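Below, in structure tokens: the form predicted alone, a single chain.
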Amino acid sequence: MQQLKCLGIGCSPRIQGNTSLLLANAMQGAAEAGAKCETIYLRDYKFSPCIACGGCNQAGQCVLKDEMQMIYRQLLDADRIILAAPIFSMGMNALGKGFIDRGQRFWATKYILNQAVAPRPDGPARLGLFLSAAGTDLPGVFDCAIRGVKYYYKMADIKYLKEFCYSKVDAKGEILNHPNALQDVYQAGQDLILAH
């Protein structure tokens, strides 16, 4: 059986922040379940926000030639995706939202050009998870981010499986004190690789 490729995408600007720790545990679970794993952090890439130019409507390719082009290649090559982003101001943080907005090229490919984004007739299904943490427990604090990730995954031909979201987690590293979060996402990473 072909070894699955799992891509972890960390959206936090903070090194070793709470969502980065969640992502590391999920990716460890995925690796121990047999996947070939790679984790990238958006803070290490230079990319612009979507400029709504409509250039991707012509061929499904983003016309902005920045480091997002490298991320596109990794994303399209992955069988499993784990996106981890913190909540800032009741929504996904700016790096994560900028990443999602640059997925407009996938929307153009799928809904204007009527083509498959990541065609793989004989390959495994593309499946994804979302991990998040928020400093508050206000009602609906994760709703906007979850909706955005579900939309992105749909555009990119990734089946959204589940989210793992933890409220009242704010200070750097505070997730380490959570009673079950790290084990939950570790198991989720394993389950993601074993899912069909």
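Keep in mind it's a predicted model, so treat the numbers as computed, not measured. Throughout, we count residues from 1 along the sequence that is shown.
Unshown form predicted together with a small molecule; subsequent notes refer to it.
For Ile87, a non-hydrogen atom is located within 4.5 Å of the small molecule in the predicted bound form, even though that partner is not displayed.
Not displayed here, the small molecule is kept clear of Gln61 by more than 4.5 Å at the level of heavy atoms in the predicted bound form. In the predicted bound form, no heavy atom of Gly55 sits within 4.5 Å of the small molecule. Contact annotation: His178 falls outside 4.5 Å of the small molecule in the predicted bound form, judged by heavy atom distances. Heavy atoms within 4.5 Å of the small molecule in the predicted bound form are found in exactly one of 166-174, 65-73, 151-159, 33-41, that being 166-174.
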